[in-house]
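This document opens with one chain alone, in structure tokens, the form predicted alone.
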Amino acid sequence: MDKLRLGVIGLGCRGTSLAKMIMGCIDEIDVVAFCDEYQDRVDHMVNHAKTEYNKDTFGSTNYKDLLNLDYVDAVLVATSWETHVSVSIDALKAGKITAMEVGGAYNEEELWELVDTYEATKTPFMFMENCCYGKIETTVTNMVRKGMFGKIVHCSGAYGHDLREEITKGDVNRHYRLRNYQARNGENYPTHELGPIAKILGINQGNKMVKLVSMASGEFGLTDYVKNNPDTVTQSLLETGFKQGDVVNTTIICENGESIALKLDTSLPRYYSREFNVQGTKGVYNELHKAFFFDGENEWNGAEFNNQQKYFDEYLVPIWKNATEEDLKKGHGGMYFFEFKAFADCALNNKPMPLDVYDAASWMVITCLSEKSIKEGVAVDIPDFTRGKYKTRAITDATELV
């Protein structure tokens, strides 16, 4: 197989942008089919393929029609959060190499079914957490692997992103975030920050997350935003209200003694940041200060802030060291490009996926567990989706496989 023939299921903002990126710059992938529940989205992408590439593609509003196509080797599942797992399960059963987009799970049971289906079918599966391919994240991971931080003790990260406009216009733009913020209260989008941290800590590969506690602030930001934007936001949202707390903090303890702190912060005015922080016995990296500090090497005063570039010059992994200006324009600063290049390489050459089904289940389960912790005010056990195999599984990550 020279090229991976891909069908894209889910053509909202993420699915459409990824499909266009893949068609424009991932030579190893041939996009041949599109599906979305809305016909206009399907028509848009079918027309795009014809207009931009003179290519005839399949289109349907029923994803099972796409799964029945013999000439589709693989699928990208970029549907709403609610359906990521169920559609991926059907894709695995159909023998389609599956790339599943990120989002939080709604219950443990669907994740166990995903794991069980993968183990029964052995169909290749990759969890498409693009932040595991970030410049900062891969550089720090590389330095951790070289022992520069000593024993890692604590990591933290955030999904800090002002999404008030996107959320409150969800009824107009057909975006699933609105209904989630109206009906749920938890760490609803954990994997951008947790994914790179889990790889650093060897989660599912010699280590596991054991227990979590989550707490949520009250909901004020979205209600205030709706009130202050009567000309652009549907005021009926004030009647239905929102359940999602403005800031959710989650603390996780790992079997090997490390702690993890996650923060969801999406409904207040703020800048974008993942607030990536890694702290060990020999040093620390802090994204907010853009700084490394190593014991005996740096003096932790204001002069050392913004010193990360000198370390990047030495420890960048090959994908970032060799990246061109064009590469950096290919989706989320290049992360999407590197991620899908890795997916295609592993799928075409029968290599293990760097982000697998156990990663997907372990990271996504944080959402439903955090909901339970917030609602009941209790610490919650985190299941081991590897069923004990984590003790002997080898470490794989983006620093090694691209």
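The model shown is predicted, which means the values in this text are computed figures rather than measured ones. Quick note: we count residues from 1 along the sequence shown, nothing fancier.
The protein also exists as the form predicted together with a further copy of the same chain; that form is not presented, and the subsequent description refers to it.
Each of M215, G221 and F305 comes within 4.5 Å of a further copy of the same chain in the model of the complex, counting any heavy atom. Using a 4.5 Å cutoff between non-hydrogen atoms, L178 does not count as a contact of a further copy of the same chain in the model of the complex. Contact between Y271 and a further copy of the same chain in the model of the complex is found at the 4.5 Å heavy atom cutoff. Using a 4.5 Å cutoff between non-hydrogen atoms, G283 counts as a contact of a further copy of the same chain in the model of the complex. For the chain shown alone, D73 is not a contact residue for a further copy of the same chain in the model of the complex, no non-hydrogen atom being within 4.5 angstroms. None of M143, A291, I89, V317 but one reaches within 4.5 angstroms of a further copy of the same chain in the model of the complex through a heavy atom, and that residue is A291. The listed set V172, I253, L238, A183 contains one residue whose heavy atoms approach a further copy of the same chain in the model of the complex to within 4.5 Å, identified as I253. Of the candidate stretches 345-353, 46-54, 371-379, 27-35, only 371-379 has residues with heavy atoms within 4.5 Å of a further copy of the same chain in the model of the complex. No residues of 231-245 lie near a further copy of the same chain in the model of the complex, the criterion being any heavy atom within 4.5 Å.
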